[in-house]
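Read the single chain below, which is given as C-alpha cells and is the form predicted alone.
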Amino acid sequence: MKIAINDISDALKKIDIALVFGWQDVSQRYRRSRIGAFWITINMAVMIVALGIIFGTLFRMPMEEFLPQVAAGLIVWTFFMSVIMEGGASYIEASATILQVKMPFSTHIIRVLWRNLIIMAHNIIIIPFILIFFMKPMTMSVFLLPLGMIIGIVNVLWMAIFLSIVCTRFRDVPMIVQNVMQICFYATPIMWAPSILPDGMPQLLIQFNPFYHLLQVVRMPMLSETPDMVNWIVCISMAFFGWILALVFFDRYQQRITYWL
C-alpha cells in the first residue's frame, strides 16, 4: 500500500490546492446570482417540504415526527451520494489537469469532498429551523454528530477512491453507479419509516443495507437521537475493511490512471 499511502499523504500536505478548487467549483455555479450559494438551501428546503408533506400524507405519519426525519435523511443522503458519484467520475472530469499538471491523484477526491461539505453546510441550516418549528428538544446525543460525520466521511471516501479507478477504466460504470444509488435511495428509509414494514424478512433486509447504518450514525444525532450500537459497529467495520480494499486497489492501478485517461 506504499504508493497509495504516499499519494494520499502528498495530497494532504498540499490540501490547500484541493480546498481552493472545491471552493471555486461551488462559487462558479452561482456567479452573478444575488442570493448566491444559498440557492442550494432554498432548493433543498422546497424539496423537503414538498416530499415531506406528500409522503407523510400517503403514509399517514405524524408530520412532527416524519418531516425532521425526511429533512435530515435527504441532506445526509445527498452528501453521501454526491461524494460517491462525483468522486467516481473525478479523474475523468479532471483529465485535462491530470494529463498536464503533476499532482497527487487524491487531490481530486479531496476536492470533491470539500465542495460537497460546503453544500452540506448550506443545507444543514434547515434542520434547526425545523426542530424549532416542531419544538423538538435538544439532547446530549447531538454531540455524537461530529463522530457520526467523521465515520460517514471515512466510508464514502474509500468508496470514492475505489470507484474513481473503476470508472476511469470502464466508462459505463458511472451510469451503473448512478442507477445503483437510485435503487439504494428507495431501499433506504429516507422517504419512509422502518416502522411501516412488517416484522420478519423486510426488517432484516434493512439491517443488511450498509447505507441505512451510515445514514443513522449521522441523521440520528442531527435530530438529538442516539444511534444503535449495531449502527456504529457496522459503519466502523465497513470503514476498516473498505479502506484496506481501496488502498490495495489504488496501489495496484494508480500508475495506469493516466494511460486510461
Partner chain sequence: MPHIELNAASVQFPIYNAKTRSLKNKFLQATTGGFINEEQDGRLVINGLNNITLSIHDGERVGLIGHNGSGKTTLLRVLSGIYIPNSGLATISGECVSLINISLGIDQEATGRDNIRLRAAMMGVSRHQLEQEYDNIAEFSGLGEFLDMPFRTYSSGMQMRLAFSVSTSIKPEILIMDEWLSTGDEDFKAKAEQRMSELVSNAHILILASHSRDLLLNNCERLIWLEHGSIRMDGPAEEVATAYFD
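A quick note: this is a predicted structure, and the numbers were derived from the prediction, not measured. Positions refer to the first chain, counted from 1.
The same protein also has a form predicted in complex with the partner chain, omitted here; what follows describes it.
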Give a yes or no for Met181: in the predicted bound form, does one of its heavy atoms lie within 4.5 Å of a heavy atom belonging to the partner chain?
-> no
Taking heavy atoms only, is Phe21 within 4.5 angstroms of the partner chain in the predicted bound form?
-> yes
Evaluate Arg60 for contact with the partner chain in the predicted bound form, applying a 4.5 angstroms cut-off between non-hydrogen atoms, and reply yes or no.
-> no
Can any non-hydrogen atom of Ile17 be found within 4.5 angstroms of the partner chain in the predicted bound form?
-> yes
Out of 187-195, 120-128, 150-158, 90-98, where are the residues with a heavy atom within 4.5 Å of the partner chain in the predicted bound form?
-> 90-98
Can you name the residues of 151-172 that have a heavy atom within 4.5 Å of the partner chain in the predicted bound form?
-> Thr168, Arg169, Phe170, Arg171, Asp172
